[in-house]
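Single chain ahead, written as structure tokens, the form predicted alone.
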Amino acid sequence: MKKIILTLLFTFCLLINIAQAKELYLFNWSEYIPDEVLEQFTKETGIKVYLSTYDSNEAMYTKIKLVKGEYDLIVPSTYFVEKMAREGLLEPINHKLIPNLKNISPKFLNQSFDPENKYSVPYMWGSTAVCYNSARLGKGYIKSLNDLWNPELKGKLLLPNDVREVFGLALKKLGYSINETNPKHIEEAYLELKKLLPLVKVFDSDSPKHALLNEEVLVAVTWSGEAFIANSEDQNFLYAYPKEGYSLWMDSFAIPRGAKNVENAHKFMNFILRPDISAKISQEMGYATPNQAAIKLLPPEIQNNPIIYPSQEELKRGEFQTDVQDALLVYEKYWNELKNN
């Protein structure tokens, strides 16, 4: 009887391990990967992808700190890769298991936030600027960040639910870097945002395009992909890069500490970096791909779309976010005060 019980326990554990070997738990931004891509990965590998979503780096970070081993793959932005690696929250990447990493343009590799890409693999990049309804407001309505503070936009403005992006608006308006660490300058930005708050209808990072398309708001500070989809449905929605500057970002895959399906995570990253898959994702989601082999597969209207790929002149005004380390506590203090007004 004892041998039978031990055999059954061994078989049960074996079945659990086999089941786990065919799973991948992905924690990603909302509306950031097509369902058909996940389905194709499962069809080709037999690995079932379980997708959970978040609407900010802060929400993702908090969850990863609280739980260990719940997710196999996450998609943090540049400065959060640096922060989480420094805090020991990420597992090293095995480049030998990702041969398709060769498809990534060198300009997106070996960045200061992750030298040698020890902890991250580039996924997509883009901008955070201003999408507006030109049919209601007129073409050229948004040229400067100052235009967001126009009183006539009361109740017609959408901002992302993201502390760094929102404070970046006010910091740029004041002539500072979006990576400001001086508490006095961050406080100045807070005071500017207090003036902006009465104009804000909603903070939304999940799907800002819906509020635009439904005319719940007329102006949205949003990601380039959201603006691309809104513009694809109605060309009256224009995307403006403010003259003072704007935020650039890159999101990358990373393996959180304690992940159970590390091998599957590497298989998934390698799959995503296939030129055909990266091109499909970029075309459907409207974000720029760092995959130089994939760009060649995109139709001209995507390659030449200024919402997805800003001109060199516009790119010069963009600024990538970096880890502000202890200054983040100052941002979060004023962010909470702003949201609780």
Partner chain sequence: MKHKFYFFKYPLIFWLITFVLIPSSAIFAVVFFSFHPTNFFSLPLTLSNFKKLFELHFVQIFLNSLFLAGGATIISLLLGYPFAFILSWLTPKKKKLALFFIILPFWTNSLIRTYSLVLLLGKKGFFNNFLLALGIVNTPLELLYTKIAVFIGLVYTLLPFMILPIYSSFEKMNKKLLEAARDLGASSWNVFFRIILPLTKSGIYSGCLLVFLPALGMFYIPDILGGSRDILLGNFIKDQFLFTRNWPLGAAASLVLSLIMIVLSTLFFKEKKIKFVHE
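The term rigid core refers to the maximal set of C-alpha atoms that superpose within 1.5 Å between the two forms. Positions refer to the first chain, counted from 1. Note that the structure is a prediction, hence the values are computed from the model and not measured.
As for the form predicted in complex with the partner chain, it is not shown, yet the points below apply to it.
- The candidate stretches are 198-206, 95-103, 258-266, 238-246, and the one lying within 4.5 Å of the partner chain in the model of the complex by heavy atoms is 198-206.
- In the model of the complex, the partner chain stays beyond 4.5 Å of every heavy atom belonging to L174.
- Proximity of N214 to the partner chain in the model of the complex: non-hydrogen atoms within 4.5 Å are present.
- In the model of the complex, L328 approaches the partner chain with a heavy atom inside 4.5 Å.
- Using a 4.5 angstroms threshold between heavy atoms, F27 stays clear of the partner chain in the model of the complex.
- Scanning E233, D147, E188, E87 against the partner chain in the model of the complex with a 4.5 Å heavy atom cut-off leaves one residue, E87.
- Checking L315, L51, A59, L297 against the partner chain in the model of the complex, a heavy atom within 4.5 Å turns up for just one residue: A59.
- Taking the partner chain as positioned in the model of the complex, the residues of 147-183 that bring a heavy atom within 4.5 Å of it are, in sequence order, N161, V163.
- Taking the rigid core as fixed, one finds a CA shift for V217 of 2 Å or more between this form and the one not shown.
- When two forms of a protein are overlaid on their rigid core, residues whose CA moves 2 Å or more are considered shifted, and K96 is not one of them between this form and the one not shown.
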